[in-house]
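In the form predicted alone, a lone chain appears below as structure tokens.
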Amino acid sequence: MAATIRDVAKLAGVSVATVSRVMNQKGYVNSETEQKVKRAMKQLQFEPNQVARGLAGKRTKTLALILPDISNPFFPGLARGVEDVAKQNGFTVILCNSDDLGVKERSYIEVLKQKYVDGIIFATNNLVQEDVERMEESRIPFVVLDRTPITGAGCVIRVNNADGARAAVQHLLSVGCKKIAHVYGPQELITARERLEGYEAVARTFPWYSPTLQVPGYFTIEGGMQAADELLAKHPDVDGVFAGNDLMAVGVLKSLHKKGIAVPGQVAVCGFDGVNLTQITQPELTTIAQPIYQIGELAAHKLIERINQSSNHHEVIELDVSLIVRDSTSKPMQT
């Protein structure tokens, strides 16, 4: 990882502000201290961005959006919302793909600090309190999307996952399902945990409930297919499936189709997220929709507001989700 201004300050035994004065030739620094800073910069091979040096103390009108995987169909709509608002306000957006790796994400944070971005939006799973504290020290405003709430600073924008999951199960019950399974996502993610908890809150009240009706699907199409295979092997009488995201729901549809099981006639299926993919499956997929584009818009608005006001106070905004009923659950179940 490239050396940072903090590394230089630590090695030279001075403050970050002193290093900044040496870099930008602004303010008084005695010659001995200046030489210590320059030796530290040389030893660490520290190369400050030349444009950033000229912009010290000014804004670059640049935002960064860090995503875990741009190939996931959830994120293009969100990114479009961020970009549209940024453009309206004279900002450009740097898109960073972290591959859901904490090390890569932290590397991006350091690089973005070097580039003097005005603020960062995180739609990833790996932001930890240490990262938050580093950004606070650097006075970088940030917004976190639909991930684990953090403390101390920053704006968190999320949706009510548990309520959405409960609505999904209640909907499957309303169309006649008698035994409903859940394909859940990685439990290290708060979104997946909350959706599992919402499913359990309703399912546990029925005599058909069993923990074996809950199977992991890893938030992928392939995981959804494997989960459906496992569920039907254990519970061939399952007639409803709530998948914790739309990709897994698509996998469930594929598995059922291969087995010749009619959807929704024999098994009704509901997903979560509301990505565009749900409109082109056969049958079209019922889903609990997040306001994906609006989340991106709100994130950009909040970040720009914090940049303009030089504020990074802690704030949590929770948005509602909505049930979109399509053909995968819309017809009466066979009795």
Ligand code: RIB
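Please read all numbers here as calculations on a predicted model, not as lab measurements. Residue numbers here begin at 1 and follow the sequence given.
Just so it is clear, the following notes concern the form predicted in complex with this ligand, a form of the same protein that is not shown.
Student: Is there a non-hydrogen atom of residue 182 within 4.5 angstroms of a non-hydrogen atom of this ligand in the model of the complex?
Tutor: Output for residue 182 is no: heavy atoms all beyond 4.5 Å of this ligand.
Student: Closest heavy atom of residue 245 to this ligand in the model of the complex, within 4.5 Å or not?
Tutor: Residue-level check for residue 245: yes, a contact with this ligand.
Student: Can you tell me whether residue 75 touches this ligand? I mean in the model of the complex, with a 4.5 angstroms heavy atom cut-off.
Tutor: Yes, contact at 4.5 Å.
Student: Would residue 290 count as touching this ligand in the model of the complex under a 4.5 Å heavy atom rule?
Tutor: Yes, residue 290 is a contact residue.
Student: Can you pick the one in 91, 219, 142, 199 that has a heavy atom within 4.5 Å of this ligand in the model of the complex?
Tutor: In short, 219.
Student: Counting only non-hydrogen atoms, which stretch in 204-212, 187-195, 252-260, 113-121 is within 4.5 Å of this ligand in the model of the complex?
Tutor: Among the listed stretches, the partner-contacting one is 187-195.
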